[in-house]
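In the block that follows, a single chain appears as C-alpha cells, in the form predicted alone.
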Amino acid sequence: MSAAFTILGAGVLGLSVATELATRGHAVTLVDPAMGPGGHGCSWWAGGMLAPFCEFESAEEPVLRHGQASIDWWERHAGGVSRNGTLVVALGRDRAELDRFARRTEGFEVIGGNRVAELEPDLAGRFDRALFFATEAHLNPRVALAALQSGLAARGISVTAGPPDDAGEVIDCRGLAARDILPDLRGVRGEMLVLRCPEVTLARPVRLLHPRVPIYLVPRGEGIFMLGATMIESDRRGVVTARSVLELLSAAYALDPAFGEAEILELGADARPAFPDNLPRIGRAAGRLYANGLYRHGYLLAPALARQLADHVETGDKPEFWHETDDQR
C-alpha cells in the first residue's frame, strides 16, 4: 500500500531516499530551503568514488558489503557510472604505505610497472608496483545529483522550500543541519580542487598513498580532474586552506609532473556529517524518522540507507543501521 512522505534535505541522501520511495509507488514531497543540490551542500564537493574495497581499509564491514551493491543502484537510477576500477599507488619512499593498505583491504590484484602502464599509459615508468581494484567504479557527483532530481521531476516531484501542511510522515535527511535533533553528529572536513590538465589522461581514479595526506585524483573527462583529500576532523566549511592547496598540488605533481601546468578551475571544502563510530544511522528523533551520518561514504552508502528506510516504512522491520535512543530502548 502506498503512503505519503515528506523528506527534509535534497542532498545525496535525501534525493536517494526520495528516488527509492517514489520508485516503489509512494507519494513524496522533497523539502530543501536551497531548492536542491548545489555548492551549499557537502554532496556537491564529493569525489564520487564507488570504491567499497578501498574504503574498507579504514571502514567497518557494512561499508564494504553495502558499497558493492550501490554501484548497480547508481547505474539503474542515475547512469553515468564508469566501471574502470581504482588504481592505488605510492612513491618509492612511501612503499610501506602500499603494503599497509594491502593488508587492510581485499578485492585487489598486485600489479607491476608494465601493467600500470597498460592501464594508465601516462603513468608509465613512474610506479613499479600498484594495487588494482578492478570491480570498483566512479561517477560525477553533480551529474548524478542532477539525474536523480530529473528522474523525480519526471514523476512530478520537485523540490520545495517549505513543507506543506500535510504530506505524510517526515524523514529527516538534513546532514549536519540536523544537529538540532542529533547532537552527537560531528563534521568531517573534505577539501577538493578541480583542475584542467589536457596533457594527462586517466581512465580511473588514482589514489596516491602518503603517511600524512593521502590524496585521490578522479577523472571527469575532457582533461578535467577532481583532486581531493578527506578525513580532516573539522566542521569548518567553505574555503580550502593555503596549506591544503600546496599539499594537494604537490601530490598531483608527484603523481605526474604535467599537473604543474594545470589550470585550477575550482576550490571547495565542506563538512560531512558523522556519528562517533563513523557508521550511518536510521532512527527516530523529535517525532520523525531520520537517516544521517554518511561520513565520507555519501555516494557509497546512500543507496543502502534509502533501501533500508523504504523497507522499514513498508514492513516495520528495523533496518541494519537502526539506532535506538535511550527513550526507545
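Just so it is clear, the model here is predicted, and its values are computed rather than measured. The first residue of the sequence shown is number 1, and the count goes up from there.
What comes next is about the form predicted in complex with a small molecule, which is not displayed.
At the 4.5 Å heavy atom threshold, is Phe259 in contact with the small molecule in the predicted bound form?
Although the small molecule is absent here, Phe259 would stay clear of it in the predicted bound form, with no heavy atoms inside 4.5 Å.
Examine Trp45 and determine whether its closest non-hydrogen atom to the small molecule in the predicted bound form is within 4.5 angstroms.
Judged by the heavy-atom cut-off of 4.5 Å, Trp45 is in contact with the small molecule in the predicted bound form.
In the predicted bound form, is there a heavy atom of the small molecule that lies within 4.5 Å of any heavy atom of His40, even though the partner is absent here?
Yes.
In the predicted bound form, does Ile157 come within 4.5 Å of the small molecule, counting heavy atoms only?
Output for Ile157 is no: heavy atoms all beyond 4.5 Å of the small molecule.
Which of 114-122, 168-176, 75-83, 92-100 lines the interface with the small molecule in the predicted bound form (heavy atom within 4.5 Å):
Of the stretches listed, the one contacting the partner is 168-176.
So which of Ile282, Leu267, Ala59, Val31 reaches within 4.5 angstroms of the small molecule in the predicted bound form, heavy atom to heavy atom?
The residue in contact is Val31.
Give me the residue from Met192, Leu255, Leu217, Ala144 that has a heavy atom within 4.5 Å of the small molecule in the predicted bound form.
Looking at the other structure, the residue within range turns out to be Met192.
Every residue in Leu8, Val12 and Pro273 with a non-hydrogen atom within 4.5 Å of the small molecule in the predicted bound form?
Every residue of the spot touches the small molecule in the predicted bound form.
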